[in-house]
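First comes one chain, alone, set out as structure tokens in the form predicted alone.
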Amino acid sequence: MDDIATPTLTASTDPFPEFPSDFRWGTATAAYQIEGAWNEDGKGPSSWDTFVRQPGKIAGAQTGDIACDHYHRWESDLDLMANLGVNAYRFSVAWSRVLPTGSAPHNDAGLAFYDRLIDGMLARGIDPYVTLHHWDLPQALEDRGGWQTRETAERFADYAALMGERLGDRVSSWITLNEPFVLATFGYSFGTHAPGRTLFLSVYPVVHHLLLGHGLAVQALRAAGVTAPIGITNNLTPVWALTDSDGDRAAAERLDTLYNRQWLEPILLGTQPIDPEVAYPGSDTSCVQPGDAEIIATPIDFLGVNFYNPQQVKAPGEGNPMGFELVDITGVPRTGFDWPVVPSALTDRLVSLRDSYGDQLPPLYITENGTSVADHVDSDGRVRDPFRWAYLDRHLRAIADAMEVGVDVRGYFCWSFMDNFEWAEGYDQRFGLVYVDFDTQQRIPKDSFRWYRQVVTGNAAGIVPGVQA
């Protein structure tokens, strides 16, 4: 399992692999994490605007009210992105910025912002990859139950139709949902993310309505005349059993089903890998209506894979209703978030997707991958982050290994373009290629920015990219 023997991380000294000439090289962000302007120009409150104001929910009682102030600084941010050399940028639309209450009427000022942003990207040769929902639900919908209700799935389709009509002539690809597993688990089951509900195992209606909302949004985009590719993104991870015992293997199967399969198989195969009444005891399963499975299985054009680390589990102890217990992966480097770094697990995940779903698996994009580091600005004004570019180097090589055995990967989006509001961790975890001083809003490209620029501009193929001391 552990492909790095000691808890250090360095970039490979082997020549860098060559990727296809049409490979999409990008970075990624999310609206709430960077935009700020939380209540400007007619924007309505979102679930995250509300959640960050609850005592004890966010490290340091921080908020995304200003974040990176991208709403006001988008032009200079795009200039910096153009300097990086990427040809694609994945970002999300703040639903409550364009539909302040989650449904009509729309907000002209909010739509105009995304018009300007997309036009600015295209003028710089950067293709827009739009995520419709990256966790910030309009609070008006959350007040009526949020993703527990069918109404939210239906309003999501209306929102998708509006965006398709307004932006569809310029968007390169559409992503309906970002990491629905994380939203359902941390937002609705355990309450550590917005909206902070604690449904625990009675969360199945949220799972179903997220999948339904995805399918309805795909249909709505196509009905609006969208011809660009449409997909969904999830945080897909290998799940390892601690031992080969029956109990540990059953625990791994349980987490794999909840984390991966229940978000893939209804969409890709039209099948349900769980019995909701068994997997989610106490849930109201009457939310499932005739025809829902067919809507959820509306064909998609690509699958977005967010990857950070594998998971390891063992059989649960007595009184643990989850069906598994997480176990640390040892003997490998750890990120600033204390996540294990195992690049070969990404190769395994991509190959296993191909092997599991065969012809039913659409092309793949790595829509997020990156690492948090305790970055600081040195006395010479430089941000040296060798761990980050070693992390990126190792994971890009892992992707190349998967592609070499026939996995169809079309692009890579580094998380993240710049340091931002990292959800419940506030500003303590820095994932960016660009350092942000949140007091002054100064942007400083890190060493990893320079390293990634060598890769994305094609200069790294056949050589060993690096950063001069």
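Residue indices: 1-based, along the sequence shown. Source: prediction; values computed, not measured.
Keep in mind that the form predicted together with a small molecule is not shown, yet the notes after this line are about it.
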4.5 Å heavy atom contact, Lys314 and the small molecule in the model of the complex:
no
ask   = Taking 4.5 angstroms as the cut-off for heavy atoms, does Glu422 touch the small molecule in the model of the complex?
value = yes
Contact test in the model of the complex: Phe200 vs the small molecule, heavy atoms, 4.5 Å
no
**Message:** Just checking whether Phe337 would be counted as a contact of the small molecule in the model of the complex - the rule being heavy atoms within 4.5 angstroms.
**Reply:** yes
**Asked** If you check in the model of the complex, do Gln33, Trp135 and Trp415 all have a non-hydrogen atom within 4.5 Å of the small molecule?
**Response** yes
Within 4.5 Å of the small molecule in the model of the complex by heavy atoms, the stretch out of 77 to 85, 102 to 110, 328 to 336, 304 to 312 is 304 to 312
Exactly one of Glu265, Glu368, Asp375, Asp248 comes within 4.5 Å of the small molecule in the model of the complex through a heavy atom, and that residue is Glu368
Note: exactly one of Asp385, Asp292, Asp127, Glu179 sits with a heavy atom within 4.5 Å of the small molecule in the model of the complex, namely Glu179
